[in-house]
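There is one chain below, alone, in structure tokens, taken in the form predicted alone.
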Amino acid sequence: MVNAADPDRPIRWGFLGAGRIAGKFAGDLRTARGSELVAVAARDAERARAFAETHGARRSYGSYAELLADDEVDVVYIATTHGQHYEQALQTFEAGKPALIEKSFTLNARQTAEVIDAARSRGLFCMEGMWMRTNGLIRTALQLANEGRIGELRSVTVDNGLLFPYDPAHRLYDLHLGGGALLDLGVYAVTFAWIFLGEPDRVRATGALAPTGADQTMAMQWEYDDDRFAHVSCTTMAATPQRGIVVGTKGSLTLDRPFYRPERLIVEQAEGRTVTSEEVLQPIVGNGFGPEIAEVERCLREGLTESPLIPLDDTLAIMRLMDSARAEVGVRYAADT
């Protein structure tokens, strides 16, 4: 485990999963000064071996249990499809290891609550892999909003859509894998609106379902008792602008495509009919996971069990909101019973 008294020793990561996201994360991990990848596990031992060879991991395993028994693994990155996160997270904490759990954290709020309880009861670090919340431009935008740069916040409009032609075998359309636009794409849009406006008082949801029952489109109207509002949408049926716009009484903040990993922030301030515009640019380094990796490193070295940037209470509350939206549209997983 991480020893705060030995800051020179890299934090040793083990990956559950050897897919596309794990590969992107591993690419950024190789350039992180305080971390190293020591092991990877996949159900296919050959796939794990090839991943380890490509990304410089010392060992590979053909089962997740073998990795969790590896004494040299300090922290586990759960990078499988979100339908597997619940059981793997519980197994990780049972093995006494901290975890970074890729979004969506689990399939529903019940599972999320159980995972959080398991981590907290053992005093183990746990964080949702919502890398968006560690992005420098998003944190800058949030700081500007909190400082009143655009006045009192009134609304958020955010969309996240990519074109995935319908294929019942694709994970996005397979309910057994937790398919659907909301948990895969919409979780970013929901989180974006949440960090600026907080929990809504009412949510109205509508959407369109694929023949498999997975949501292809989800649109939500959030309402607040003080008349603030948010429009939040996601779809697998079209490539949308992927823009996040925060509006206040004195201006607006726009995070350009894609809003969850932006390289440009536009700050507009209005005085009467005069609008001034300012651009803040920040190129993405690598695949964009560096700030998230740094936050995990910081938390582990400081002995924190939760990140203040990605609070577990937010993770749970957001999952409850998405449960409600899914129920209203008619998307149901076997895990919901």
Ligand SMILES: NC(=O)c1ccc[n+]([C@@H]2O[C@H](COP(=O)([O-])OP(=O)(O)OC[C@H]3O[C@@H](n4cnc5c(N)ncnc54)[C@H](OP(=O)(O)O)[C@@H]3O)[C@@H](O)[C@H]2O)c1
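Given the structure is predicted, the values throughout are model-derived calculations rather than measurements. Just count from 1 along the sequence shown to find any residue number.
What follows is about the form predicted together with the named molecule, which we do not show.
For the candidate set Tyr188, Phe196, Tyr86, Trp222, a heavy atom within 4.5 Å of the named molecule in the predicted complex is found for exactly one residue, namely Tyr188.
For the options Arg47, His55, Arg59, Arg301, the residue carrying a heavy atom within 4.5 angstroms of the named molecule in the predicted complex is Arg47. The candidate spot formed by Asn135, Arg264 and Glu295 lies out of contact with the named molecule in the predicted complex, as no residue has a heavy atom within 4.5 Å of it. In the predicted complex, the named molecule sits beyond 4.5 Å of every heavy atom of Thr236.
Contact check for Leu177: a heavy atom falls within 4.5 Å of the named molecule in the predicted complex.
In the predicted complex, the named molecule sits within 4.5 Å of a heavy atom of Asp184.
Within this chain, Ala18 lines the site of the named molecule in the predicted complex, having a heavy atom no more than 4.5 Å away. In short, of 108-116, 142-150, 237-245, 78-86 it is 78-86 that has heavy atoms within 4.5 Å of the named molecule in the predicted complex. Annotation for 148-171: the only interface residue with the named molecule in the predicted complex is Arg171 [heavy atom within 4.5 Å].
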